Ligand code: DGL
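Below you'll find only one chain, the form predicted on its own, shown as structure tokens.
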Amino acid sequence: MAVGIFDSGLGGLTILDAVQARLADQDFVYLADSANAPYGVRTPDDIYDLTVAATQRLFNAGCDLVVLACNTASAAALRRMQENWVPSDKRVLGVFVPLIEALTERHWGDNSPPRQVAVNHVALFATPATVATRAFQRELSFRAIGVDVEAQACGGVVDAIEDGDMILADALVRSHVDALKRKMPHPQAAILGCTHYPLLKDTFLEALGAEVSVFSQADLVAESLADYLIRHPDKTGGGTAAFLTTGDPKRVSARATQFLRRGITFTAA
């Protein structure tokens, strides 16, 4: 049984790359909604409708489990989908949970009261839509107290990455880090709250400084998914991967190959 990996564009390939390395025998179907990217400047209703349509496309492709490898979709659509739309025989997971587990050092199933954690000052870099939902702060507050989260909406970064303009993306990241530091001069940890951002992790690290711990989602999500699949062995496969896009397959394939430095061929969704 294939696992679906969904993103508004190519950022979710950072998640796919990590989970493929961790789960070599698992089948995957990746769907990039490139025709409608980026999601980070859309309204919550737009994001919900697009995410539902993409998830249904992956269900139709034989995926009983879909990972929303898009922080904007996870923040703006996941809870509403789980409450009102996801069929009882399907499962849709987001990318926030593994990140909050790592930051708070407590398992998601731990329902004890919120408590103090080691990190008190956290910088969150995310799309404008993700920042607007305050979903990260809400989920974090269920498990930790005394954590000051300063969010920085990183407008333009996803667009630059999707266009292949990494020089512009690098400059934008540095500008957004500078803006964050004016609000929170000494963060202890930084969250890269968009799956595109690991492509610029070195830039974030350099701009933030060596004293800041940077949390990126790819490896954390891979470990979380591996744990889930160990508990649900019916989801294993033969290690194949299919790539679908709502955009121009030729253009998206070229960008994906550039990002992952290996040949990736997309077909029309």
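Remember, it's a predicted structure, so these values are computed and weren't measured experimentally. Numbers for residues come from their place in the sequence shown, where the first is 1.
Beyond what is shown, the protein has a form predicted in complex with ligand DGL; the following relates to that form.
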query	finding
Proximity to ligand DGL in the predicted complex (heavy atom, within 4.5 Å), stretch among 98 to 106, 115 to 123, 190 to 198, 174 to 182	190 to 198
Non-hydrogen atom contact residue 158 with ligand DGL in the predicted complex at 4.5 angstroms	yes
Close approach of residue 70 to ligand DGL in the predicted complex, 4.5 Å, heavy atom	yes
In the predicted complex, residues of 28 to 58 near ligand DGL [heavy atom within 4.5 Å]	38, 39, 40
